[in-house]
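In the block that follows, a single chain appears as structure tokens, in the form predicted on its own.
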Amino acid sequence: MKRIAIFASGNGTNAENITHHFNGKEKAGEVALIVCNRSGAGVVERAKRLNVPVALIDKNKMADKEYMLGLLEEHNIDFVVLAGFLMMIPSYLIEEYRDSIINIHPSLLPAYGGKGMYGRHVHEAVVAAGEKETGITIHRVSEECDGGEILFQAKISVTPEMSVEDVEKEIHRLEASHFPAVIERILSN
């Protein structure tokens, strides 16, 4: 069974869905650690309710190779999932966990990826551009922001009547229905 660390910066709905999917069940993995860079983030409270250890980090800790690798080793982490984590992953971590770090992005990459394109910013850009479809992308993490091998995409249609909130709600639905299952499939292979 693979031990998963979820890195998250926000509300933590994906982290909670993934934890519910894996923990307490016969699955290919278990969520063993939540790493967060914002002490007031909703994911911290969710992790406490789910009895998952939380490590609060800042830019200095993230840049400290010994600290971060020691933290992940202490929790016997095999696999890292980025679920709304708003810090760049340093190259030493990508190298150490090559092909074992994945991210979810709220668009059909390569569209609407890159610096500053996360969460609601993506949905606003999609609606403003009059796109006819959008979706989610689950990809391996590489040194390139929102780069790396695409492992899975799911799409929704965007109609002219849809608001940013409507698109956001549909993207959250896709994340909830696909992200845990895709992680399970990756860990099972």
Ligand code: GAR
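The structure displayed is predicted, hence computed values, not measured ones. Each residue number is its position in the shown sequence, starting from 1.
A second form of this protein, the form predicted together with the named molecule, is not displayed here; the remarks below concern that form.
The named molecule in the predicted complex comes within 4.5 Å of no heavy atom belonging to Leu71.
Heavy atoms of Ile104 reach within 4.5 Å of the named molecule in the predicted complex, making it an interface residue.
Using a 4.5 Å cutoff between non-hydrogen atoms, Ala111 does not count as a contact of the named molecule in the predicted complex. None of the heavy atoms of Glu170 is located within 4.5 Å of the named molecule in the predicted complex.
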